[in-house]
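Here you get one chain, nothing else, as structure tokens; it is the form predicted alone.
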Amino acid sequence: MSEDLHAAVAAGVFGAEENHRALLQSVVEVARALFRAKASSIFLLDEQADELVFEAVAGEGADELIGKRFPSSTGIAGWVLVTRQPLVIEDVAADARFGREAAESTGYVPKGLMAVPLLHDERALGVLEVLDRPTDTRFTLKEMDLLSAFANQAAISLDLLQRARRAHAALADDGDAALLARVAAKLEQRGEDDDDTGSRDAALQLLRALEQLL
């Protein structure tokens, strides 16, 4: 719990899960618009369950897919996650890595896609996909650079989301930690309201001392 709470406080993520989810949603919506795609999605790797989870979706399936899970090795998303390599496929039906059964279970089977791994601090956190661009559009290296920029932003957001969720889970069963959490939340609010970094750093040191005591 201690490491998780420190991480949450340091990253400014305590109590901000909805903000991180909203940022992930904005990433898929902008990616879909820029690439003129029918859909875009972000998968989060649930390491404990060894599953990929739809965390944000824009376009086809947006209303039904959030929270849907499948094994982390499934299909093209699973391949991109494991290999940590981006992938562009114009005809997924002709690719042996494509998981048709998993795609059909979502209610939408794409014809083509671009996928990039979401990497942060050498960890593979998930996958960003863009599905079914216009058929008259040829993929370029510039587009890959652009998609990689979206992936970098999404990876940061996923990391913060995971930290917030770990902190929440740890605090749920610990009364002393809940007290520290309220102090941490106040410190984060103070950090947003003023520029007195010296006093805020001193307060964080006090928070760490309190945590050790408890």
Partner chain sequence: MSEDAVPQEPPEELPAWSLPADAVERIRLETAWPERVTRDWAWGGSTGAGIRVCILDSGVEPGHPDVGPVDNAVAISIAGDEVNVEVDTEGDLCGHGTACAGIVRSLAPECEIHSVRVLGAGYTGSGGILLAGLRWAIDQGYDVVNMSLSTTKQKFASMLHELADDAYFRRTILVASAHNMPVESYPWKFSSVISVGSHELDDPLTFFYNPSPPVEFFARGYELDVAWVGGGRLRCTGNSFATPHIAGIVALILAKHPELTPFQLKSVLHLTATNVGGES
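Each form is matched to the other, and the largest set of C-alpha atoms that superpose within 1.5 Å is called the rigid core. Source: prediction; values computed, not measured. Residue numbers count along the first chain shown, from 1.
Form predicted together with its partner chain: not shown, discussed below.
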**Prompt:** Is there a non-hydrogen atom of Val127 within 4.5 angstroms of a non-hydrogen atom of its partner chain in the predicted complex?
**Reply:** no
Open item on the list: At 4.5 Å between heavy atoms, is Asp63 in contact with its partner chain in the predicted complex?
Closed with: no
- Task: Classify Asn152 as contacting or not contacting its partner chain in the predicted complex by the rule of any non-hydrogen atom within 4.5 angstroms, answering yes or no.
- Result: yes
Note to self: Is Tyr108 near its partner chain? Define near as a heavy atom within 4.5 Å, in the predicted complex.
What the structure shows: no
Is it the case in the predicted complex that Asn19, Ala31 and Gln162 each bring at least one heavy atom within 4.5 Å of its partner chain?
no
Contacts from 133-157 to its partner chain in the predicted complex (any heavy atom within 4.5 Å), listed N to C, are Arg138, Phe139, Thr140, Leu141, Lys142, Met144, Asp145, Ser148, Ala151, Asn152
- Query: Hey, does Gln85 budge by 2 Å or more at the Cα between this form and the one not shown once the core is superposed?
  - Reply: no
